[in-house]
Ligand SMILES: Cc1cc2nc3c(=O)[nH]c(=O)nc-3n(C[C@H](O)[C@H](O)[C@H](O)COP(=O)(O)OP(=O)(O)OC[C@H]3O[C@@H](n4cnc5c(N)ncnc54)[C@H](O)[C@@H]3O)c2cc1C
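Given as structure tokens, the chain that follows is alone and in the form predicted alone.
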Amino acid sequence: MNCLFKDSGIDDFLKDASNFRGSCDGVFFPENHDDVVSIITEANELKSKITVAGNGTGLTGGRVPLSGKVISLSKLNSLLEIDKVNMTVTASAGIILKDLQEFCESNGFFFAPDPTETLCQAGAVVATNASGAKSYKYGATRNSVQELDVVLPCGDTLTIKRGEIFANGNVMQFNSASGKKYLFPLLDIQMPNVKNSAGYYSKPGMDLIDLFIGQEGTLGIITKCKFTIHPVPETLFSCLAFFDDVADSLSFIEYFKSEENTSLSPRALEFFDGNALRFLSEDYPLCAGDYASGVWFDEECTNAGFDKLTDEYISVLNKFNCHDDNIIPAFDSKTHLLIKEFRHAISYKINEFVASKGLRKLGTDTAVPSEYFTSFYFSCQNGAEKSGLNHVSYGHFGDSHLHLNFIPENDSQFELGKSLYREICKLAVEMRGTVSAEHGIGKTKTDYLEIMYGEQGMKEFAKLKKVLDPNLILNFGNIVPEKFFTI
């Protein structure tokens, strides 16, 4: 097992894609599950801080250490097994998502979670409950997780299979592999009924496995995952459509959630405002034009049903004032790939631009109940327009999930954007939504989590962490900042 020490090439582990930065004394590279157990056992005995590092693609500082040492799971990448009968794939936690996706596809299946950044690791996808475009049909990663191997903060281990261990009402009880008994009350919080990746999962009668999905490495280190997979469809209808009025594009998206829609079943419904289209137009001329907004969507279908499906979608688009000249269906693999690249480009291009200014990304990750979303969207847009800051909006609007990104040019603009970000989070909470639908909380969004759950809720999170991590060694600072362990 290798280890890098301070001043010996550890800089890449002191930041993530948001440009949040930290410090540590060294980086471990365990090569298997037992190596992880050994590192954690010693750290717990010494009460030394350990931060689990994914591949640096996160946007909340979750993998960035504040002190102590880092565990990189990059060498836990040896296992990829597929069970075609039961339609599952098993992967080591350090497997890169792109490799996992390609492995599944080479065997005739696909992995539904589809985060924009495919260089993330499988374990990190689980630890943050990531989602992506296909979440409109398939939900977030939680819906795909069937089994996890976890190293607890004391160095003990746990294999959790979905459907085996449930809370008894509001009390959770389980035994680790060594026989150690854990018994604790669930959190006294009310989770929002929206796509959500903010804080620990807690519901009466919940499955134990759900506690370790979205816990951001604070309750245990995931070393192996088993996921549900799906057969690759015969073909896909994929389309990019442009609108002259934002209201029409929002109504088009809402149509698919209404009783009026009886036959169409898109797996993705993605929105881009005019600013986002203009931001991308230099690299993607297909979106050049004075459009108010664009929507990308796709649906699984058969070859025999492709033409009929195409006609149905075009008819609905026309109904919402999207003219034929503004519709780009992917009738060939080249166009399909171009649209896919376009959909993924907006996030990383904003990251690159903001990082070039030496600033951190300011991109909201809010979701609200569908009935409030149109009002929420226009309120956020109006506030951004009044601020005078450059901004773009896009997101998984099928899930009522908005990414409004401020694009500051300097520190003063960054501070203004940060205050507006906070107001957007407050509004999302007022509308019974979440401050983080897919990116988690990490270290940079703990203030927003407090807006969502209040001081008492944060104390509940701290209490739960202390049950499983009494020495507070693991990913300290993620989800719950230090002050809530002392008040």
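From a predicted model like this one, the values you see are computed outputs, not experimental measurements. Don't overthink the numbering: it's just position in the shown sequence, from 1.
Note that the form predicted in complex with this ligand isn't included here; everything after this is about it.
Taking the partner from the other structure, this ligand in the model of the complex has a heavy atom within 4.5 Å of a heavy atom of Val52. Contact annotation: Ala91 falls outside 4.5 Å of this ligand in the model of the complex, judged by heavy atom distances. For Ala17, a non-hydrogen atom is located within 4.5 Å of this ligand in the model of the complex, even though that partner is not displayed. Using a 4.5 Å cutoff between non-hydrogen atoms, Tyr348 counts as a contact of this ligand in the model of the complex. Looking at 409-417, 384-392, 322-330, 114-122, the stretch with residues near this ligand in the model of the complex, meaning non-hydrogen atoms within 4.5 angstroms, turns out to be 114-122. Scanning Ile424, Leu59, Met458, Met452 against this ligand in the model of the complex with a 4.5 Å heavy atom cut-off leaves one residue, Leu59.
With the partner removed from view, the residue among Leu73, Met172, Val354, Leu280 that has a non-hydrogen atom within 4.5 Å of this ligand in the model of the complex turns out to be Leu73. Contacts between stretch 419-446 and this ligand, counted in the model of the complex as any heavy atom lying within 4.5 Å, involve Glu438, His439, listed in sequence order.
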